[in-house]
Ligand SMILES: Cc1cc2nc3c(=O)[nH]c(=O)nc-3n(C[C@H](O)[C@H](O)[C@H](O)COP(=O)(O)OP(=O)(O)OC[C@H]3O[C@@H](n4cnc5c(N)ncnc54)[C@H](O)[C@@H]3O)c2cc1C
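Given as C-alpha coordinates, the chain that follows is alone and in the form predicted alone.
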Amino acid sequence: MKSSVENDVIIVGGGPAGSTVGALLAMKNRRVLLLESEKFPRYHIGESLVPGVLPVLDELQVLDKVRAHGFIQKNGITFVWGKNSETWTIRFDEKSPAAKKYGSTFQVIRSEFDNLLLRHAESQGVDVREEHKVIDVIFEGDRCNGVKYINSQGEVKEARASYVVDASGQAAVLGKYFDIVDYDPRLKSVATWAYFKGVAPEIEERRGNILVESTPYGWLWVIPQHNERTSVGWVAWATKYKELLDGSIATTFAKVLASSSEAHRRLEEAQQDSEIYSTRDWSYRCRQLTGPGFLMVGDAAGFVDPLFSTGVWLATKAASLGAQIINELLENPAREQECMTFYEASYQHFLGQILDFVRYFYDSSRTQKEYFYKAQGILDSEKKDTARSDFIQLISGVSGLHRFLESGGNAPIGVEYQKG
(Lines give C-alpha, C1' and ligand atoms only; values in the text may rest on other atoms or scores of the structure.)
Protein backbone atom coordinates (compact mmCIF):
# COMPACT_ATOMS: atom_id res chain seq x y z
CA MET A 1 0.00 0.00 0.00
CA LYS A 2 1.33 3.43 -0.92
CA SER A 3 0.76 6.02 1.74
CA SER A 4 -0.92 9.32 0.92
CA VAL A 5 1.34 11.10 3.44
CA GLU A 6 5.01 11.96 3.20
CA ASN A 7 6.20 9.12 5.49
CA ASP A 8 5.17 5.55 6.06
CA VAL A 9 6.42 5.74 9.65
CA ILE A 10 7.55 8.45 12.07
CA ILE A 11 9.71 7.27 14.96
CA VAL A 12 10.04 9.40 18.09
CA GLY A 13 13.49 8.72 19.58
CA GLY A 14 16.82 7.40 18.29
CA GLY A 15 17.88 5.00 21.05
CA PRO A 16 18.16 1.24 20.47
CA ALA A 17 14.38 0.80 20.15
CA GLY A 18 13.93 3.60 17.62
CA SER A 19 17.04 2.71 15.63
CA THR A 20 15.96 -0.93 15.45
CA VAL A 21 12.42 -0.22 14.25
CA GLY A 22 13.71 2.31 11.78
CA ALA A 23 16.45 0.18 10.27
CA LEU A 24 14.25 -2.91 9.91
CA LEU A 25 11.49 -0.94 8.18
CA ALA A 26 13.94 0.90 5.92
CA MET A 27 15.38 -2.49 4.94
CA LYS A 28 11.85 -3.23 3.64
CA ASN A 29 11.96 -0.02 1.59
CA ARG A 30 9.62 1.89 3.88
CA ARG A 31 9.87 5.67 4.17
CA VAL A 32 10.97 6.30 7.74
CA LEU A 33 11.48 9.63 9.50
CA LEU A 34 13.25 9.42 12.88
CA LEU A 35 13.20 12.45 15.17
CA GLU A 36 15.73 12.49 18.03
CA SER A 37 15.84 15.34 20.54
CA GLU A 38 19.58 15.08 21.25
CA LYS A 39 22.78 15.08 19.22
CA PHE A 40 24.51 11.70 19.09
CA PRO A 41 26.73 10.39 20.51
CA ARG A 42 25.11 11.23 23.84
CA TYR A 43 25.60 9.81 27.33
CA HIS A 44 23.26 7.10 28.59
CA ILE A 45 23.32 4.60 31.44
CA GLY A 46 22.38 0.91 30.98
CA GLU A 47 25.70 -0.52 29.83
CA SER A 48 25.40 -4.28 30.35
CA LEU A 49 23.69 -6.28 27.59
CA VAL A 50 22.18 -9.76 27.71
CA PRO A 51 22.57 -12.40 24.95
CA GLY A 52 18.95 -11.97 23.86
CA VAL A 53 20.00 -8.70 22.14
CA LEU A 54 22.31 -10.48 19.70
CA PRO A 55 19.68 -12.14 17.47
CA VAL A 56 18.19 -8.71 16.81
CA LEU A 57 21.62 -7.26 16.02
CA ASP A 58 22.01 -10.13 13.59
CA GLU A 59 18.61 -9.37 12.05
CA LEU A 60 19.74 -5.75 11.66
CA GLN A 61 22.92 -6.95 9.93
CA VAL A 62 24.94 -4.91 12.42
CA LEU A 63 26.31 -7.63 14.72
CA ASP A 64 29.68 -7.75 12.96
CA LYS A 65 30.07 -3.98 13.45
CA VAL A 66 29.31 -4.33 17.15
CA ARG A 67 31.76 -7.21 17.55
CA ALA A 68 34.48 -5.27 15.74
CA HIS A 69 34.04 -2.18 17.91
CA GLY A 70 36.05 -3.56 20.82
CA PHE A 71 33.42 -3.73 23.56
CA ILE A 72 34.21 -5.95 26.56
CA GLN A 73 33.01 -9.54 26.10
CA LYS A 74 30.48 -10.54 28.76
CA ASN A 75 30.14 -14.26 29.39
CA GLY A 76 27.89 -14.26 32.44
CA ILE A 77 26.90 -12.73 35.76
CA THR A 78 28.63 -12.97 39.14
CA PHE A 79 26.26 -12.63 42.08
CA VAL A 80 26.78 -11.94 45.75
CA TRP A 81 23.14 -12.56 46.52
CA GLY A 82 20.93 -14.86 48.50
CA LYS A 83 20.59 -16.38 51.92
CA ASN A 84 24.28 -17.24 52.42
CA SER A 85 25.67 -14.08 50.73
CA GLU A 86 28.18 -16.23 48.88
CA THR A 87 29.67 -15.42 45.50
CA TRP A 88 28.17 -17.50 42.70
CA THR A 89 28.31 -17.27 38.93
CA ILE A 90 26.26 -18.30 35.93
CA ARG A 91 27.58 -18.46 32.37
CA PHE A 92 25.21 -17.78 29.54
CA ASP A 93 26.60 -20.65 27.48
CA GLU A 94 25.81 -23.30 30.12
CA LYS A 95 22.45 -24.03 28.54
CA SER A 96 21.49 -20.93 26.64
CA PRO A 97 20.77 -21.58 22.92
CA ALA A 98 21.43 -17.93 22.04
CA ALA A 99 24.74 -17.81 23.88
CA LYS A 100 25.86 -21.07 22.29
CA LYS A 101 25.10 -19.64 18.86
CA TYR A 102 26.45 -16.15 19.49
CA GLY A 103 29.16 -16.93 22.04
CA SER A 104 28.57 -14.19 24.60
CA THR A 105 27.31 -10.64 24.83
CA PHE A 106 28.87 -7.23 25.56
CA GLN A 107 29.50 -4.60 28.20
CA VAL A 108 29.04 -1.41 26.18
CA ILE A 109 29.55 2.31 26.46
CA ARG A 110 26.09 3.40 25.51
CA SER A 111 27.10 6.61 23.79
CA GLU A 112 29.15 4.50 21.37
CA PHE A 113 26.73 1.58 21.06
CA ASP A 114 23.64 3.73 20.55
CA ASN A 115 25.43 5.93 18.03
CA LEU A 116 26.53 2.84 16.12
CA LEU A 117 22.91 1.66 15.86
CA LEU A 118 21.61 5.09 14.87
CA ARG A 119 24.25 5.52 12.17
CA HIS A 120 23.43 2.02 10.90
CA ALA A 121 19.75 2.94 10.66
CA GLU A 122 20.75 6.03 8.71
CA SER A 123 22.87 3.92 6.36
CA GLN A 124 19.81 1.77 5.62
CA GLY A 125 17.85 4.78 4.46
CA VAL A 126 16.20 6.14 7.61
CA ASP A 127 15.81 9.94 7.52
CA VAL A 128 17.50 10.66 10.87
CA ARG A 129 17.08 14.17 12.23
CA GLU A 130 18.90 14.88 15.48
CA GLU A 131 18.14 17.83 17.75
CA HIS A 132 14.52 17.61 16.64
CA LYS A 133 12.29 17.47 19.72
CA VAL A 134 8.74 16.14 19.43
CA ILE A 135 6.43 18.37 21.49
CA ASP A 136 3.03 16.94 20.59
CA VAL A 137 1.27 14.19 18.70
CA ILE A 138 -1.34 14.82 16.02
CA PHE A 139 -4.64 12.96 15.79
CA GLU A 140 -7.30 12.90 13.13
CA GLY A 141 -10.31 11.67 15.02
CA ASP A 142 -8.97 8.84 17.20
CA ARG A 143 -6.13 8.02 14.81
CA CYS A 144 -2.57 9.18 15.39
CA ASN A 145 -1.17 10.35 12.08
CA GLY A 146 1.69 12.69 12.89
CA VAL A 147 3.74 14.75 15.30
CA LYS A 148 4.60 18.35 16.02
CA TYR A 149 8.27 19.06 16.71
CA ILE A 150 10.86 21.80 17.15
CA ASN A 151 13.74 21.45 14.71
CA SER A 152 17.40 22.25 15.29
CA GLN A 153 16.78 25.86 14.19
CA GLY A 154 14.06 26.32 16.81
CA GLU A 155 11.22 26.25 14.28
CA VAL A 156 7.94 24.46 15.03
CA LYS A 157 7.11 21.95 12.31
CA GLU A 158 4.70 19.09 11.66
CA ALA A 159 5.15 15.73 9.98
CA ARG A 160 2.58 13.12 8.97
CA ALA A 161 2.78 9.37 8.56
CA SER A 162 0.67 6.25 8.31
CA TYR A 163 2.09 5.08 11.65
CA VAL A 164 3.84 6.70 14.60
CA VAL A 165 6.19 4.67 16.81
CA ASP A 166 6.90 6.05 20.27
CA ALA A 167 10.50 5.10 21.09
CA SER A 168 11.05 8.19 23.25
CA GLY A 169 12.38 6.28 26.25
CA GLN A 170 11.37 7.47 29.69
CA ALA A 171 9.99 10.66 28.15
CA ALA A 172 7.08 8.33 27.23
CA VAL A 173 5.53 10.83 24.84
CA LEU A 174 2.33 8.89 24.11
CA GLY A 175 2.04 7.42 27.60
CA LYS A 176 2.04 10.88 29.12
CA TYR A 177 -0.22 12.26 26.39
CA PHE A 178 -2.87 9.68 27.34
CA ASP A 179 -1.95 9.73 31.07
CA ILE A 180 -1.63 5.93 31.13
CA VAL A 181 1.78 5.47 32.81
CA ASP A 182 1.40 3.22 35.87
CA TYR A 183 4.30 3.13 38.33
CA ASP A 184 4.95 -0.03 40.33
CA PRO A 185 4.66 0.90 44.03
CA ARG A 186 6.89 -2.08 44.93
CA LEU A 187 9.76 -1.02 42.67
CA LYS A 188 10.47 2.62 43.45
CA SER A 189 14.23 3.05 43.66
CA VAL A 190 17.07 5.52 43.20
CA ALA A 191 20.22 4.71 41.23
CA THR A 192 23.57 6.37 41.99
CA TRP A 193 26.75 5.63 40.06
CA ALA A 194 30.20 6.79 39.02
CA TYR A 195 33.18 5.58 36.96
CA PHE A 196 36.46 4.35 38.37
CA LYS A 197 39.94 3.57 37.09
CA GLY A 198 42.27 0.98 38.56
CA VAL A 199 39.53 -1.46 39.60
CA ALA A 200 40.98 -4.90 40.32
CA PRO A 201 40.07 -7.32 37.50
CA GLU A 202 38.01 -10.41 38.09
CA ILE A 203 39.60 -13.86 38.22
CA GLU A 204 39.95 -15.40 34.75
CA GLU A 205 36.76 -17.49 34.75
CA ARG A 206 34.69 -14.42 35.70
CA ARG A 207 36.54 -11.90 33.51
CA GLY A 208 34.14 -9.51 31.76
CA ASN A 209 31.15 -10.46 33.92
CA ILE A 210 28.90 -7.92 35.55
CA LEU A 211 29.01 -8.15 39.35
CA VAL A 212 25.63 -7.85 41.08
CA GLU A 213 25.99 -7.65 44.86
CA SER A 214 23.34 -7.35 47.55
CA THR A 215 24.14 -5.20 50.60
CA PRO A 216 22.10 -4.07 53.62
CA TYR A 217 21.66 -0.76 51.77
CA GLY A 218 20.43 -2.05 48.41
CA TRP A 219 22.45 -3.62 45.62
CA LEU A 220 25.56 -2.75 43.60
CA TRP A 221 26.72 -3.25 40.05
CA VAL A 222 30.30 -3.36 38.77
CA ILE A 223 30.66 -3.31 34.96
CA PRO A 224 34.05 -3.29 33.18
CA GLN A 225 34.37 -1.14 30.06
CA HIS A 226 36.77 -1.17 27.14
CA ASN A 227 38.12 2.33 27.88
CA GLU A 228 39.82 1.04 31.07
CA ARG A 229 37.08 2.49 33.24
CA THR A 230 34.56 0.58 35.33
CA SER A 231 30.96 1.57 35.93
CA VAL A 232 30.02 1.18 39.60
CA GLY A 233 26.47 1.79 40.75
CA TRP A 234 24.19 1.51 43.75
CA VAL A 235 20.42 0.98 43.62
CA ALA A 236 18.26 1.44 46.74
CA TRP A 237 14.59 1.77 47.51
CA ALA A 238 13.66 5.46 47.49
CA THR A 239 12.65 5.32 51.17
CA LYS A 240 15.92 3.62 52.17
CA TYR A 241 17.92 6.11 50.11
CA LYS A 242 16.38 9.04 52.01
CA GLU A 243 17.16 7.37 55.33
CA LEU A 244 20.78 6.74 54.36
CA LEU A 245 21.56 10.09 52.79
CA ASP A 246 24.23 11.45 55.11
CA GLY A 247 25.44 14.95 54.29
CA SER A 248 26.08 14.39 50.60
CA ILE A 249 25.54 11.79 47.90
CA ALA A 250 29.32 11.32 47.68
CA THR A 251 29.63 10.49 51.38
CA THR A 252 26.69 8.10 51.29
CA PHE A 253 27.89 6.43 48.09
CA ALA A 254 31.35 5.84 49.62
CA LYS A 255 29.74 4.41 52.77
CA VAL A 256 27.66 1.95 50.78
CA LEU A 257 30.63 0.80 48.70
CA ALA A 258 32.66 0.28 51.86
CA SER A 259 29.88 -1.91 53.30
CA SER A 260 30.11 -4.39 50.42
CA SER A 261 32.37 -7.41 50.21
CA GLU A 262 33.25 -8.24 46.60
CA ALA A 263 32.78 -4.73 45.20
CA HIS A 264 34.81 -3.22 48.05
CA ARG A 265 37.63 -5.71 47.47
CA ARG A 266 37.88 -4.77 43.82
CA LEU A 267 37.69 -1.03 44.51
CA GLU A 268 40.34 -0.85 47.26
CA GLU A 269 43.04 0.57 44.93
CA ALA A 270 40.69 2.30 42.48
CA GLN A 271 40.33 6.02 41.84
CA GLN A 272 37.04 7.70 41.01
CA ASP A 273 37.22 9.10 37.48
CA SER A 274 33.91 10.91 37.04
CA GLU A 275 31.25 12.91 38.77
CA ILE A 276 28.58 11.00 40.70
CA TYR A 277 25.33 10.54 38.82
CA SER A 278 21.94 9.87 40.38
CA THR A 279 18.47 9.32 39.02
CA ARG A 280 15.09 8.04 40.04
CA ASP A 281 14.74 4.47 38.74
CA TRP A 282 11.06 3.68 39.13
CA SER A 283 9.56 0.75 37.28
CA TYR A 284 6.43 1.45 35.26
CA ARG A 285 4.46 0.37 32.27
CA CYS A 286 1.76 1.93 30.15
CA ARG A 287 -1.72 0.48 30.42
CA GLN A 288 -2.07 0.67 26.64
CA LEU A 289 0.78 0.13 24.15
CA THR A 290 -1.05 0.42 20.83
CA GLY A 291 -3.90 2.26 19.21
CA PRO A 292 -5.08 3.42 15.79
CA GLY A 293 -1.94 4.50 13.96
CA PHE A 294 0.58 4.05 16.78
CA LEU A 295 2.53 1.68 18.98
CA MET A 296 5.10 2.03 21.77
CA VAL A 297 8.45 0.28 22.14
CA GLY A 298 11.22 0.12 24.75
CA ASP A 299 11.14 2.39 27.78
CA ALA A 300 8.29 4.37 26.18
CA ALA A 301 6.15 1.26 26.77
CA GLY A 302 7.56 0.30 30.15
CA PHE A 303 10.69 0.34 32.26
CA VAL A 304 11.70 -2.74 34.22
CA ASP A 305 14.02 -2.41 37.21
CA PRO A 306 17.70 -2.53 36.06
CA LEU A 307 18.58 -5.59 38.18
CA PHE A 308 18.93 -7.99 35.23
CA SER A 309 20.05 -5.51 32.53
CA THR A 310 16.95 -6.20 30.45
CA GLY A 311 16.39 -2.68 29.08
CA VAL A 312 18.13 -2.86 25.70
CA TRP A 313 16.93 -6.43 25.17
CA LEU A 314 13.26 -5.57 25.77
CA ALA A 315 13.65 -2.48 23.59
CA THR A 316 15.19 -4.27 20.61
CA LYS A 317 13.00 -7.39 20.84
CA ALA A 318 9.82 -5.31 20.96
CA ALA A 319 11.18 -3.11 18.17
CA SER A 320 11.79 -6.17 15.99
CA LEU A 321 8.22 -7.37 16.53
CA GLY A 322 6.87 -3.85 16.08
CA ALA A 323 8.65 -3.48 12.73
CA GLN A 324 7.12 -6.73 11.53
CA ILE A 325 3.66 -5.60 12.65
CA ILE A 326 3.90 -2.22 10.93
CA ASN A 327 5.36 -3.68 7.75
CA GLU A 328 2.44 -6.09 7.58
CA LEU A 329 -0.08 -3.31 8.20
CA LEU A 330 1.35 -1.10 5.48
CA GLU A 331 0.50 -3.93 3.10
CA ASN A 332 -2.77 -4.98 4.76
CA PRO A 333 -4.24 -2.04 6.73
CA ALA A 334 -7.51 -3.88 7.37
CA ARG A 335 -5.65 -6.17 9.80
CA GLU A 336 -4.67 -3.36 12.15
CA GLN A 337 -6.83 -4.36 15.11
CA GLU A 338 -5.78 -8.02 14.89
CA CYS A 339 -2.06 -7.28 14.66
CA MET A 340 -2.04 -4.51 17.26
CA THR A 341 -3.96 -6.73 19.71
CA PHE A 342 -1.35 -9.44 19.22
CA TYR A 343 1.52 -7.01 19.85
CA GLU A 344 -0.17 -5.57 22.93
CA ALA A 345 -0.96 -8.95 24.49
CA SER A 346 2.50 -10.39 23.82
CA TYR A 347 4.39 -7.40 25.17
CA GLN A 348 2.23 -6.85 28.26
CA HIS A 349 2.33 -10.55 29.15
CA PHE A 350 6.09 -10.75 29.09
CA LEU A 351 6.61 -7.42 30.86
CA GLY A 352 4.44 -8.81 33.63
CA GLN A 353 6.51 -11.98 33.87
CA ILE A 354 9.81 -10.12 34.12
CA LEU A 355 8.45 -7.72 36.74
CA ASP A 356 7.12 -10.65 38.75
CA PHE A 357 10.52 -12.32 38.75
CA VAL A 358 12.37 -9.11 39.67
CA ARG A 359 10.09 -8.59 42.67
CA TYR A 360 10.73 -12.17 43.80
CA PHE A 361 14.50 -11.92 43.33
CA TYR A 362 14.69 -8.75 45.40
CA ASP A 363 14.14 -10.89 48.49
CA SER A 364 17.82 -11.64 49.07
CA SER A 365 17.01 -13.97 51.97
CA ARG A 366 16.10 -16.75 49.55
CA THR A 367 18.41 -19.54 48.40
CA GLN A 368 19.80 -19.95 44.88
CA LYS A 369 17.52 -22.94 44.32
CA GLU A 370 14.47 -20.88 45.18
CA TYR A 371 15.40 -18.32 42.51
CA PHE A 372 15.97 -21.13 40.01
CA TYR A 373 12.63 -22.78 40.76
CA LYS A 374 10.80 -19.46 40.44
CA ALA A 375 12.27 -19.03 36.95
CA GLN A 376 11.26 -22.59 36.11
CA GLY A 377 7.69 -21.84 37.19
CA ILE A 378 7.60 -18.94 34.74
CA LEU A 379 9.24 -20.62 31.74
CA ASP A 380 9.01 -24.35 32.13
CA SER A 381 6.04 -25.60 34.16
CA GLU A 382 6.46 -29.08 32.66
CA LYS A 383 10.08 -29.14 33.90
CA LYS A 384 11.56 -30.15 30.58
CA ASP A 385 14.88 -28.62 31.62
CA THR A 386 16.71 -28.02 34.90
CA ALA A 387 15.68 -25.12 37.12
CA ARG A 388 19.18 -23.62 36.83
CA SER A 389 18.94 -23.71 33.04
CA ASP A 390 15.54 -22.02 33.11
CA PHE A 391 16.96 -19.30 35.37
CA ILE A 392 19.81 -18.69 32.92
CA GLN A 393 17.45 -18.59 29.96
CA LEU A 394 15.14 -16.13 31.67
CA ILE A 395 17.79 -13.61 32.73
CA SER A 396 19.79 -13.95 29.50
CA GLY A 397 16.80 -12.91 27.40
CA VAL A 398 16.75 -15.99 25.19
CA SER A 399 13.24 -16.93 26.31
CA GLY A 400 11.64 -13.75 25.08
CA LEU A 401 8.15 -13.10 23.82
CA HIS A 402 8.14 -16.36 21.85
CA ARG A 403 7.41 -18.18 25.13
CA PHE A 404 4.05 -16.44 25.12
CA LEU A 405 3.43 -17.57 21.55
CA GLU A 406 4.24 -21.17 22.44
CA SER A 407 1.83 -21.06 25.39
CA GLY A 408 -1.23 -20.03 23.44
CA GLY A 409 -0.79 -16.69 21.70
CA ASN A 410 -0.94 -17.13 17.92
CA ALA A 411 0.99 -14.74 15.70
CA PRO A 412 -1.00 -13.22 12.86
CA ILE A 413 -0.16 -14.53 9.42
CA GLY A 414 2.78 -12.55 8.08
CA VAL A 415 4.27 -11.99 11.53
CA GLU A 416 6.81 -14.49 12.78
CA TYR A 417 8.38 -13.54 16.06
CA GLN A 418 11.99 -14.70 15.94
CA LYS A 419 13.08 -17.03 18.69
CA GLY A 420 16.32 -16.09 20.43
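Note that residue numbering begins at 1 and tracks the sequence as displayed. These numbers come from a predicted model, not from an experiment.
Below, we refer to the form predicted in complex with the named molecule, which is not included among the displayed structures.
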Since the chain is shown here on its own, which stretch among 195 to 203, 246 to 254, 160 to 168, 85 to 93 would lie within 4.5 Å of the named molecule in the predicted bound form, judged by heavy atoms?
-> 160 to 168
Can you check whether residue 373 is within 4.5 Å of the named molecule in the predicted bound form, heavy atom basis?
-> no
Wondering, does residue 310 line up within 4.5 Å of the named molecule in the predicted bound form on heavy atoms?
-> yes
Would residue 41 sit within 4.5 Å of the named molecule in the predicted bound form, counting heavy atoms only?
-> no
How about residue 25: is it within 4.5 Å of the named molecule in the predicted bound form, going by heavy atoms?
-> no
Within 4.5 Å of the named molecule in the predicted bound form, heavy atoms considered, which of 295, 315, 326, 121?
-> 315
So which of 37, 389, 364, 353 gets a non-hydrogen atom within 4.5 Å of the named molecule in the predicted bound form?
-> 37
Relative to the named molecule in the predicted bound form, which residues of 270 to 293 have a heavy atom no more than 4.5 Å away?
-> 279, 281
